[in-house]
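Just one chain is shown here, as structure tokens, and it is the form predicted on its own.
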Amino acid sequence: MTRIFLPPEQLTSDTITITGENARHLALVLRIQPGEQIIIFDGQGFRYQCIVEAVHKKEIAAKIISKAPYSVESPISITLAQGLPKADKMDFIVQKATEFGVRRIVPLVTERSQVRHTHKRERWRKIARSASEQSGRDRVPDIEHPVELKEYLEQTITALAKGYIEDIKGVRLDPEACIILSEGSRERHLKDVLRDFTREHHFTVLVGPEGGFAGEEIHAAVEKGFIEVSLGPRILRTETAPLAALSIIQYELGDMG
């Protein structure tokens, strides 16, 4: 069944009007017809089952049939801090990380980043929204503005100094597990490190761009409390590494498998 997001303020009446990109996608791409049912998520943990009453190119009228609490969100909160890659690889990373249940994505500018300035945040937010709809999630990950790695490390440590991290629902998660992927840490595997943590943790995963992190960057992150880990003997591409790490974390401590 077709799923879309609408903010709660647009769902205060039994009869709703869908406009903008959602309306165009439903009418022109999916060719939705009156009488068909759709699912609407409000980003606040509720799902609305609706029936389409009228279809126009720029506007869709629908009636809410039922409203119920709903969530497929992971029991663990994951932030992916990703070194900016070349071309459209970040599009792929945002899409797949969303499907894996990540709650926050931070694009990082690192020493080896070939992309140092970008205005693609809105594009990535749209990709995340679409991926959330496709995967049945009731929340869309936060996509932050690109930030220098040094600044991000300082922000993270400031948050840790408070003694807790708040997840997307404002729930305190204590403490945070900060992980940095490194090819030079073959003896310490992510799977082994995860044994020291539980589902109540918030995970931050740092992934480098093409070429990985510079040695000084890894050293700086480790000094701030990040755990240097490996994904195994093979070198993974920058767009493959985060997905491997996320799948391991969700399998070991989350809701996969």
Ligand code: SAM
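For clarity, every value in this text was computed on a predicted model and none was experimentally measured. A residue's number is simply how far along the shown sequence it sits, counting from 1.
This protein has a second form, the form predicted together with this ligand, left out of what is shown; the following refers to that one.
The candidate spot formed by P107, E144 and Y152 is out of contact with this ligand in the predicted bound form: none of the three has a heavy atom within 4.5 Å.
Heavy atoms within 4.5 Å of this ligand in the predicted bound form map, among the stretches 28-36, 206-214, 43-51, 59-67, onto 206-214 alone. For L11, no non-hydrogen atom is located within 4.5 Å of this ligand in the predicted bound form, even though that partner is not displayed. Using a 4.5 angstroms limit between non-hydrogen atoms, T156 is distant from this ligand in the predicted bound form. Although the partner is absent here, D91 lies well away from this ligand in the predicted bound form, with no heavy atom inside 4.5 Å.
Within 4.5 Å of any heavy atom of this ligand in the predicted bound form lies no heavy atom of I16. Interface residue among E99, E148, E111, E183, judged by heavy atoms within 4.5 Å of this ligand in the predicted bound form: E183. Residues V229, S230, L231, G232, R234, I235, L236, R237, T238, A241 are the members of 221-257 with a non-hydrogen atom no more than 4.5 angstroms from this ligand in the predicted bound form.
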